[in-house]
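Quick setup: one chain, the form predicted on its own, written in structure tokens, and binding and motion questions come after.
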């Protein structure tokens, strides 16, 4: 009997009116388990560059990694092509499913493709070129856009850092119904589990973050540090909706994987996810709509930055920046338009060094401790309270409270990207790839 190692990637198997790539992946896991697949990793949920304008919700693709009999391996793609046709809305123009199947070792070119897809834009033509040059089997429906995510998911083995997500699914027929997940149960879950979970509750608003709002089969998703953690946490969650199936994913969520490259201002390109290190060259200003704008420059040029209204209290931090502060901006590059040039959407900021904040004040009267008034141009100062005069006096510099620290600032959890490394994960790294899977990582 010949056994083959398979890496199966899939993406864009959903639409705004329903469906979900991760839900479809759970159906594939069920089918392959019935075929006798031996799983060598949890399903990998790979979030790609969140700035791509034509992304699917969350811009997530899935990779399944397993061993299976060679006689069954050749039936996988035909079976999936049939499943996709039954699952998606074929008449919806912006659903473009892609599936790729790599046998054995993952080609280096695919791994490099995956690294680029986390923070840059990649064309469909490049994805097809990689598939062709490496003779990779695939299924393509529509314009082929789903091949980009599928290929990127296969190439990302999550060897640098990873987290886990437990996703509970309702039946697709219930996708348009209210989820009815009880907020109190989620608050209790978050309180009990502590730092083993992240991004479950927004601390300022107490808003529940585990349940999405779109018309899809996902009932809720719990993100945490280990598979046992997210499975244990799920036992706290109460809902009126019945759970049809559930699955644990290993993921790059919460790792900041898209923000690994420091890029000069002159080298920034539209839709790039980048770190920009420079000096604030323009004091922040608030504009209509609640947005805050500022500027940053480096040795290659300067660029405008924006903290938008949905980032909430993060704008208060940005508004306290001052010209001369040295900072590292976590940036999404917004393309130029008729109303603005290339702009950085700030999704976080690290203050490296604060410029001195001070102002000049009139001196204090040595007799009565009142602040002196100007006696006229070139005539020094006088005290209107006791009559003291100081014709040689000069203004004094007073240091101001910055209200900022040299540290990391992020938007509140409710405004963070899936890939954003939250504050509670700043010093956490999960680099060890699991050698075996825990029981009940997927039901059914």
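Positions refer to the first chain, counted from 1. Since the structure is predicted, the reported quantities are computational estimates derived from the model, not experimental observations.
We do not show the form predicted together with ligand ATP, though everything after this point is about it.
K.L.:
Taking the partner as it appears in the model of the complex, which of 184-192, 248-256, 325-333, 146-154 has residues with heavy atoms within 4.5 Å of ligand ATP?
P.N.:
That would be stretch 146-154.
K.L.:
Going by heavy atom distances of 4.5 angstroms or less, which of 239, 232, 121, 174 would be at the interface with ligand ATP in the model of the complex?
P.N.:
Spelling it out, the residue with a heavy atom inside the cut-off is 121.
K.L.:
Could you tell me if all three of 11, 14 and 58 have a heavy atom no more than 4.5 Å from ligand ATP in the model of the complex?
P.N.:
Yes, all three are in contact.
K.L.:
With heavy atoms only and a cut-off of 4.5 Å, decide whether residue 52 touches ligand ATP in the model of the complex.
P.N.:
Residue-level check for residue 52: yes, a contact with ligand ATP.
K.L.:
Check residue 117 for me: does it contact ligand ATP in the model of the complex (non-hydrogen atoms, 4.5 angstroms)?
P.N.:
Yes, residue 117 lies within 4.5 Å of ligand ATP in the model of the complex.
K.L.:
Please run the contact check for residue 63 against ligand ATP in the model of the complex: heavy atoms, 4.5 angstroms, yes or no?
P.N.:
So residue 63 does not count as contacting ligand ATP.
K.L.:
Is there a heavy atom of residue 420 no more than 4.5 Å from a heavy atom of ligand ATP in the model of the complex?
P.N.:
No, residue 420 stays farther than 4.5 Å from ligand ATP in the model of the complex.
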